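Before any questions on how it binds or moves, here is one chain, the form predicted on its own, in structure tokens.
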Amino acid sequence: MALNKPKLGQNFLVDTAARQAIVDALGPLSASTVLEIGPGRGALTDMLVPRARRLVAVELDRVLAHRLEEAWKHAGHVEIRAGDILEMEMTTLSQTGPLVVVGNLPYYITSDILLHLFAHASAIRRTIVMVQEEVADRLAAQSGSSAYGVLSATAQMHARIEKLFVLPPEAFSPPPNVNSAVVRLEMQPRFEELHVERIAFMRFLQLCFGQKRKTLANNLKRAFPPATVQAAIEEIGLHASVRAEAVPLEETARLFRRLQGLA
């Protein structure tokens, strides 16, 4: 995002090499509609305008949105929208093909924006986002690691994730207190592959990871009879004391199907 307004979590990207690397990571854009989240002062926008077939930039700060609108008012393929990305229905933009999304996500609302993108995964081909490095590590974490949690599982049900590179605080103005990372998400939802219904399985993941210190069985007992939970866990070959972070997505999906009577 942009201006130095702490309530908006705004940190400008000022590293020229990083800007170039991010835009290059998006791939060819001459046939794509690009959605930019939080363009701020236009550090990436300036590079996207000549490359994209169409560019839609959504900026929460109305002052900055107005400045960008003035700067690009003569570019017919550029649209600047003043508003909240969380209120945007992205499928309306993807009528000519899946979107390419790019953005520097404010730390305070990163998870909400990622979840919004995942909810619109069918309308998106590729996403490049800058996030706190810790969040990038959680997105890419594998089951069995301490970083693996509900965000990891949710992300990996929707996309193939690659941590591209790390940006130090001095790449931004004002500099944040931690490193950031640039992550590429190739949207490849796995719900059909794993034979689970998206909304129901997302709720199931929330339940599985409900209380991190508890076992998977104890978390699931809040929604299913204990005996049913125990039988399902044993039937798919998991240990009774296993925790959700130790279970691969494929096994979690099998457990879901068993409990739903679909297996």
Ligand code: SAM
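Heads up: residue numbers just count along the shown sequence, starting at 1. The model shown is predicted, which means the values in this text are computed figures rather than measured ones.
Just so it is clear, the following notes concern the form predicted together with S-adenosylmethionine (SAM), a form of the same protein that is not shown.
- Only one segment in the set 187-195, 134-142, 105-113, 154-162 has residues whose heavy atoms sit within 4.5 Å of S-adenosylmethionine (SAM) in the model of the complex; it is 105-113.
- Within 4.5 Å of S-adenosylmethionine (SAM) in the model of the complex, a heavy atom is found for none of Gly149, Phe209 and Val229.
- Proximity to S-adenosylmethionine (SAM) in the model of the complex, defined as a heavy atom within 4.5 Å, holds among Ala52, Leu35, Leu60, Leu220 only for Leu60.
- This chain lacks the partner; the member of Leu205, Ala43, Val56, Leu26 within 4.5 angstroms of S-adenosylmethionine (SAM) in the model of the complex by a non-hydrogen atom is Ala43.
- Remark: Pro169 does not count among the residues lining S-adenosylmethionine (SAM) in the model of the complex, judged by a heavy atom distance of 4.5 Å or less.
- Taking non-hydrogen atoms only, Ile128 never approaches S-adenosylmethionine (SAM) to within 4.5 angstroms in the model of the complex.
- Using a 4.5 Å cutoff between non-hydrogen atoms, Ile233 does not count as a contact of S-adenosylmethionine (SAM) in the model of the complex.
- In the model of the complex, S-adenosylmethionine (SAM) sits beyond 4.5 Å of every heavy atom of Pro175.
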